[in-house]
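What follows is a single chain, given as structure tokens, in the form predicted alone.
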């Protein structure tokens, strides 16, 4: 990742976190979360996309599961495979509780990421991962909904390109309510700790 790309992503992440950190005085301190608590400060899980089986799906289809939403793409050279590999380790550490969770990997490169490509990619990491794609307009709308960002870089000499994108993980409870935000600086221990708590809560009202 170039310094220019890294600088843009750091700036984007700062813009994402600023309103959430300012809302810290309203956090629910009754639960000892390790990650950033965004309860009541981000939209519920809502989208209309196509999954890696070619089926039209919505946020409602994943109610009953704790959802980890991540924006990336299959040609990503570094951050995406590392993040999915880490999430696989987290799922393993959760043991049987992990069956109550789903990783939703939303492509920010729908031109190349067909459902077939997405299926092969996400299943190479974890069976609880689902690839989601859609039209450029649908992807852009979902990205804006969660204050994420992505930018296609110029083509190289071979006509290939990379996509700079935010790398936060958005975590929703079984009712589709936004609950937690994990950023790249957070440890796997933090993720395991908070997911264990969230999965153990059952179906909060």
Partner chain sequence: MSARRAGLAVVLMVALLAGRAEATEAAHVIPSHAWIRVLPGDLPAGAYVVLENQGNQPATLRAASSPAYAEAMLHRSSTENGVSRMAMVDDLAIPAHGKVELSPGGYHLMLMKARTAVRPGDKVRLQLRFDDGSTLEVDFLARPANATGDTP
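Numbering follows the first chain given and starts at 1. Quantities reported herein were computed from a predicted structural model and do not represent experimental measurements.
The discussion below concerns the form predicted together with the partner chain, not included here.
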* With the cut-off set at 4.5 Å between non-hydrogen atoms, does residue 165 touch the partner chain in the predicted bound form? -> yes
* Contact label in the predicted bound form: residue 115 to the partner chain, heavy atom within 4.5 Å -> no
* Close approach of residue 44 to the partner chain in the predicted bound form, 4.5 Å, heavy atom -> no
* To do: Using the partner position in the predicted bound form, report whether residue 95 sits within 4.5 Å of the partner chain, counting heavy atoms only.
  => no
* Asked: Tell me which of 157-165, 137-145, 54-62, 174-182 has residues with heavy atoms within 4.5 angstroms of the partner chain in the predicted bound form?
  -> 157-165
* Out of 81-111, which residues reach within 4.5 Å of the partner chain in the predicted bound form, heavy atoms considered? -> 81, 82, 85, 86, 88, 89
